[in-house]
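Heads up, the chain below is alone and in the form predicted on its own; it's given as structure tokens.
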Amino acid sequence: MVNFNLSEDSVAWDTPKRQPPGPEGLPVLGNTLSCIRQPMDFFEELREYGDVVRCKFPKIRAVTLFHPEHIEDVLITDQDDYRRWNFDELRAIVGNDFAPEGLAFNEGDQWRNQRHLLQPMFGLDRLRGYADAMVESTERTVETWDDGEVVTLNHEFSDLTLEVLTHSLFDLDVREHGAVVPRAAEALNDRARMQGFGLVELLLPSWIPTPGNNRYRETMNAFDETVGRQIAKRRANPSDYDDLLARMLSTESDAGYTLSDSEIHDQMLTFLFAGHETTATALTFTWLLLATHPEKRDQLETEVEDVLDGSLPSPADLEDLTYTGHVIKEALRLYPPAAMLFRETIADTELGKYTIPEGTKILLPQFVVHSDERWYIDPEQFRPERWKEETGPDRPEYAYFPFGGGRHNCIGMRFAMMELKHIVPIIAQRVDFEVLSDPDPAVQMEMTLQPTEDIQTRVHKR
């Protein structure tokens, strides 16, 4: 859901050069209503104005970029001229005290120290230790599905990815240790999806004891206590654990930096918030696409049989699962979980022939750029083979950026891809899905791209 502060008039464009083109919108409100009512359609229509397009919102000066070269300028080439724009807005959604020392909100030296210390924990060598949990959780999930049963894919994959993440973060089995972590994940996602009265309640000060605020605070307090207990256990018996939490407690950077308990808590909450629904969304749309394109499903099955020969996938197999990787990459192109990235200029800068003033919000809509016919043949079609056939200099690098780019790219990118490349083959070996709901569902932007209606399927065991 896209929210804008409507309390002040639109910010004037006070640059000596010509401002970028864009829709005029309504007096005072500018383009706010169009964006809130139909955000996906709104950004698709913006593309008609060019590659650098002005948007008008109360209190916000915004520019949307549609050309990969400009996107690369923001994320890579001139990244020092920009900062992330998500701090106040995301805190307004999940609470002003949400993970203030987590990677999602930090800047400056603290962020750099944290990123430098945490990045090696997401290297391929370290991630291989999580593969068994990915496989075991997927097997358990598939075994719960009966032949002919109707399952809701987005819910099933949300549960599965939460189980994998909980095991990887805390070495906990969610079925044996209560519902504290699932409830925290659910609370965070519910806060990100609030509409109607829930949205009104969300906009009230957090100290007001509304039922929603009380439930949310109780849930997060329970999560805080769980993290505290897990930290104490690992400090008392460090050799008994090898999960991400244990590694954060025991790691010191080459500059002598270590994470405090409060930083570790905030990292765990951030990873739970950022790493759960994104992968669930990717799995949901990957299997929706495969279920509605049987010829692609057949190609995937052929590769899985050739590479795995009936065995379960392991990290050693992933490089040979080439077509599987193309399937996942194509699903992320058509349905990028993040949908859009946000930056803000910290100085006057140049984009194309325009001077963009300091303080301008920069919008990078992945879901529009990923479907631009300048970079993709038949961009609306699900064609995994394009990642073999269409490579070359004609497609700029940042025509595809589901995990962002630059110093703020998704730290969990390798974890997510490893998880997807383990889960997809296991399901392909065991199950076919018959789609019962709309095979081409409408989608909406929340904290991740989501179908507007649940994806209902019938399970056919193989």
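For clarity, every value in this text was computed on a predicted model and none was experimentally measured. Residue numbers here begin at 1 and follow the sequence given.
Below, we turn to the form predicted in complex with protoporphyrin IX containing FE, even though it does not appear here.
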The one residue among 430, 408, 47, 395 placing a heavy atom within 4.5 Å of protoporphyrin IX containing FE in the model of the complex is 408
The one residue among 416, 62, 52, 35 placing a heavy atom within 4.5 Å of protoporphyrin IX containing FE in the model of the complex is 416
* Does residue 279 reach protoporphyrin IX containing FE in the model of the complex, with heavy atoms at most 4.5 Å apart? -> yes
Check your understanding: Does at least one non-hydrogen atom of residue 68 fall within 4.5 angstroms of protoporphyrin IX containing FE in the model of the complex?
Key -> no
Would residue 253 show up as a contact with protoporphyrin IX containing FE in the model of the complex if we use heavy atoms at 4.5 Å? no
ask   = Can you check whether residue 337 is within 4.5 Å of protoporphyrin IX containing FE in the model of the complex, heavy atom basis?
value = yes
With a 4.5 Å heavy atom cut-off to protoporphyrin IX containing FE in the model of the complex, the contacting stretch among 433-441, 53-61, 23-31, 397-405 is 397-405
Contacts from 309-335 to protoporphyrin IX containing FE in the model of the complex (any heavy atom within 4.5 Å), listed N to C, are 332
